[in-house]
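As a starting point, one isolated chain is supplied in structure tokens, in the form predicted alone.
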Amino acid sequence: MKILVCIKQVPDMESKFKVDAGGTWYAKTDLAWRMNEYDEYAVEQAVQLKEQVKDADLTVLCIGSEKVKETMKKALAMGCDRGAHIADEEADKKEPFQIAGIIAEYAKEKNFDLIFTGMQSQDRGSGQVGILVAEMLGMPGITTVVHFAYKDGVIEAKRELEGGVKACVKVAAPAVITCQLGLNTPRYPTLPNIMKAKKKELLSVPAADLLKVESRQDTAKMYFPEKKGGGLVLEGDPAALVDQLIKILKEKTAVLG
């Protein structure tokens, strides 16, 4: 069995974000970086499947600059066999269709039985890449998976829907799975596995060699929401508050106009 898991390096969400000079993305300076949280669940599920299936082979793929290799090393330490680094200094300028196109182009001749991705990235949050990869490769895709089981080439999964409802899905491999929070408990890499990860294969391929599709979206502008005025808390005797509230409504709003 051949398995591919796709990850993304994103800023720690506790970072102080600033809009970059171009006004279309966040500035990358003074940020701490980590693996996208949804992708951690994808890596864990892929590693669990590798441990379940004899002779399974697991590749982790990440698109980005040289610094994303540090995040890839975590996936290797968690149990992936090798890394495929798609070298791209301007990955953040590529929209989901292009990112999916790069992944699909990498995967199309490699006959992966299963491809795992996170449900969405924490920075862009489009939720499109995984299902676009499935469409481009002509494979079934199951999204927002919160339960996964595999036996004899068949996947049984539960998808999270609105209001806590779950949909049960059964599909034969090959397939693409996008992983939701809570699917599993991602493992912490042990020190011996961190040391082993340093010796695992981590090859780079230029993104230009794989990008065969044109952009379909453009980011026109990125900005922080405008700050709105704070609320007003009234305290005191209820009878007096009624008069005070009526006065405020007349002066500040058109409710009693």
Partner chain sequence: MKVLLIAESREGKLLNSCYELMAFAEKMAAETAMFLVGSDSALPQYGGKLYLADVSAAGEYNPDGHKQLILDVVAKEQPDMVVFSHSSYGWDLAPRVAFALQAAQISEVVDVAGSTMVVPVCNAKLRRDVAPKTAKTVVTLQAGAFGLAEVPSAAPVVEKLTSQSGGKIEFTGYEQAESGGVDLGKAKIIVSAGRGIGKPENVAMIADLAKALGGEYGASRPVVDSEWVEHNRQVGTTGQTVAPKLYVACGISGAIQHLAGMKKSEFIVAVNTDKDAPIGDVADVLVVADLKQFVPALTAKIQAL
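Positions refer to the first chain, counted from 1. Between two forms, the rigid core is defined as the largest C-alpha subset superposing within 1.5 Å. Because the structure is predicted, anything quoted here is derived from the model rather than measured.
From this point on, the text means the form predicted together with the partner chain, which you will not see here.
Under a 4.5 angstroms non-hydrogen atom cutoff, the partner chain in the predicted bound form has A220 among its neighbouring residues. Remark: R159 counts among the residues lining the partner chain in the predicted bound form, judged by a heavy atom distance of 4.5 Å or less. Using a 4.5 Å cutoff between non-hydrogen atoms, M119 counts as a contact of the partner chain in the predicted bound form. Shown alone here, K166 lies within 4.5 Å of the partner chain in the predicted bound form, counting heavy atoms only. Residue-level contacts in the predicted bound form: of A84, A77, A91, M136, one residue has a heavy atom within 4.5 Å of the partner chain, and it is M136. Residues with any non-hydrogen atom within 4.5 angstroms of the partner chain in the predicted bound form fall in just one of 24-32, 53-61, 66-74, 197-205: 24-32. Contact residues in stretch 167-184 (any heavy atom within 4.5 Å of the partner chain, taken in the predicted bound form) are A167, C168, V169, K170, V171, Q180, L181, G182. Core-aligned CA deviation for T24 between the shown form and the other one: less than 2 Å.
Relative to the superposed core, D243 shifts its CA atom by 2 Å or more between the shown form and the other one.
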